[in-house]
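Here are two versions of the same chain, shown separately as structure tokens and labelled structure 1 and structure 2.
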Structure 1
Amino acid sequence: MSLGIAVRHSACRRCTKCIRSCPTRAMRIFQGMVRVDDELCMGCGECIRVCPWKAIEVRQDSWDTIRKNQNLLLTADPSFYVQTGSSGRTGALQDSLTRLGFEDISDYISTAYDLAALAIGRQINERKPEELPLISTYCPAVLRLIQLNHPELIRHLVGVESPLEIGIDYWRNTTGRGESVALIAPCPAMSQLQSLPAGRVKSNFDHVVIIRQVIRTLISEGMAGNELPRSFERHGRWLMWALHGGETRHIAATMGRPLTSIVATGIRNVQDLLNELELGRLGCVEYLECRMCDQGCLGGVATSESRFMSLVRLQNLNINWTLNKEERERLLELYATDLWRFSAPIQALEQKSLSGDIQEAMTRLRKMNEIYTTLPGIDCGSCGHPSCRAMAEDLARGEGEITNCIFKLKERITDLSTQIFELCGKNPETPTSLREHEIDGREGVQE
């Protein structure tokens, strides 16, 4: 398993919806097959949302194998826990997992979220005002977007690992155990954590399965409970990270003061916000909580429940935001261990320039502009490139052919048929006519 999404070519109808919807233009149709550029894919799952043929799916391991494996630890993204239940109440999904034979380690995970919130708050306080705002690294798709399109914002990233990873580290350190761990993920980006860990060399997750897959089993087997365990209400702060604004609220709670933050969810909002930060227009803001999905992780493409219903359930939780003295002391001890800190730097992903050599890049850019002006500009996608501009860019790099554009193909055919027609109108001096002429001449002589 290398990346977050997989294309089922047998179901794909080459309708081009996916390649045109991709925010990082990571997809092409080449030789009749949808291709994904691993370097550019950020795992947002937009292609999965728009595919009418259900031909694109989140990569995951076999749930059947995972659930039969008794030596496996299973941990879930917070959004998992609000996928079922009557209106306003949350299903006791942790109990369901326990009944399947999986150990409950949610106490460790919940503590890790407290720790992450505390560590982020500390980082905000430690920064000089001109170095703010810090940007959340919780959503792996946002992190990747920054690495790809906003490398200059990397210095704004908060250096705290995913609390899901911290939780496993904490559990391993405390218990000394070393079983394999599987993650129940709400989206391709989270499932990508396994192969592309953020801020660490190796992920704690050995397997990934998506929320929808697990919930389907639990519902079909009548195991999706209806009540939330009391412990979740008491320590439910971490569940709120699945909701837009939940992370900010948790951080503010550990800081003991209000936090000036902007919460942006959905691709367009996130892109706009990052552009504004790049232009230096977000003075006085301390924190940016960005989530690639609408409403936050609840809107993940691999969840099973309506994001609006899971939102209602989360909002109805009676969350205790105040850490008691004992909790705070334990957190400060953990904070001192650096368990939460990035152990590998976040690096910029190479920009896709037209050439490594600036003169060559200029030549190609001029060529690209020339090509672009001759293209129809309707971005139909029939050529297999996501837009006319992307096609011009690919052609300038020497990839693809101009006649992949159906309009250019038609022009070529028109030109050729005009030439053919002109040729047909010519009366060539063929050997046949020459012979007739000669014969005529000879006949004349004979007469």
Structure 2
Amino acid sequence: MSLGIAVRHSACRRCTKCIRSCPTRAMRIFQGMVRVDDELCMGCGECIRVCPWKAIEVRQDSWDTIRKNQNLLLTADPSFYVQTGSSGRTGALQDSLTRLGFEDISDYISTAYDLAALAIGRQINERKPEELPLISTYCPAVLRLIQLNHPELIRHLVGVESPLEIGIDYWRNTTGRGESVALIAPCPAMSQLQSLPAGRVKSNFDHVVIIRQVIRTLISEGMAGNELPRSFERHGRWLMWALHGGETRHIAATMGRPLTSIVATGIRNVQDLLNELELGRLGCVEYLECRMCDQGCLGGVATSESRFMSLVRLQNLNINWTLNKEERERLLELYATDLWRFSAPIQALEQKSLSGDIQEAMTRLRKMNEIYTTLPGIDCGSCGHPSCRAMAEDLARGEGEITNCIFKLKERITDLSTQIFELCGKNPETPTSLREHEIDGREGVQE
């Protein structure tokens, strides 16, 4: 089990599609079972998307247990609220949760999103042009991808933590209460916030349940049929963070000017954009809003509704983007408290080394290169490794067998067959042949 995903080995057919789709090479097959490296998994959910056997799931707590705990606080990712409803309307899912006994803290959460947008805008204004663009830290999967594969871009990360975490801090500071909190998440990356928080030592979330699980239960019980009042939607700037470009528009609204930004969704687009930034080709851009899922959080693998239908609901909401005087004054007071800042630094995550000892690591590196030159180099994945180089690395560490490669296995079988064929052609000195020689010898003497 990974921090964000779980593998049902009874359903797994070891087709290796998950292994080949993983952007961080976090998956392997050892001894017939899929293993996930917690240190490398970023929770993007690609393995879940490609698995034809539904053998991989988002790790979550029991919804039945959560809903029975009336002392628990429940909050949700914005994408949760547009899983039902008609065009331009949000479903009454918040009311459904309230009827189940959960307290409505959406005002605190929406204020936290306003505060995050304000803080990001100020950081953009304070940076020198050569220090831009800043990169959004809202998507945990993108953040972890940068920590793993693009550590030199960490200095571009905006220093504002998740509004979901800020919202719970704001609620606790205001009310003085300390109940446990559960998060309704749209993807494995958001699920990982609980066990692997970014920019803080401990997450505010004690439990996680996925959107699909909650929605299916509410619909089956007839509790998700109505729509929320228009007042909820007019103050729903925070809901737009579920949509690609929504974060950027919210930031621009707090800045009072257009924001030069690029919005990228989907793994390939995000990786291409980060590569462009590494090459220094984004000089005129102020902000990068990156989401690992297509269409943003609406496309999370743990959502319930079609991302296109959720998109229709969000795009047609009548959102009031202008902060009134009272809202702006409250935000400025909160901004001065530094509630929005990371409490721990964002650091690069070290890739798994060949060995902790430098001499041993050099020896294994030479062995790895020797092994790699003998492999076919086509990255077919039939060995249970994501690539031939990954297999060579594991073999250099002493993990696995060279015959896990189907081509090396075929070579081995061919060599053995050749040896067996050569042995079959030999005429060993069997007792029968010896007896014939002895008989022939005696007959010769007699003659």
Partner chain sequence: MSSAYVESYVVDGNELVAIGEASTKIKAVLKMLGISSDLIRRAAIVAYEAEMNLVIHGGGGSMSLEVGPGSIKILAVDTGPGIPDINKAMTEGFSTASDKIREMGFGAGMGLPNIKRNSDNFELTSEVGKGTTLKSEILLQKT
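Please read these numbers as outputs of a predicted model, since none were measured by experiment. Start at 1 and count along the sequence of structure 1; that gives the residue numbers used here. Here, rigid core means the biggest group of C-alpha atoms that superpose within 1.5 Å across both forms.
- Structure 2, not structure 1, is the form predicted on its own.
- Relative to the superposed core, residue 40 undergoes a C-alpha shift smaller than 2 Å between structures 1 and 2.
- Once both forms are fitted on their rigid core, the CA atom of residue 361 lies 2 Å or more apart between structures 1 and 2.
- In a rigid-core overlay of the protein, residue 49 has its C-alpha displaced by under 2 Å between structures 1 and 2.
- When the core is overlaid, the C-alpha of residue 380 ends up 2.7 Å from its other position between structures 1 and 2.
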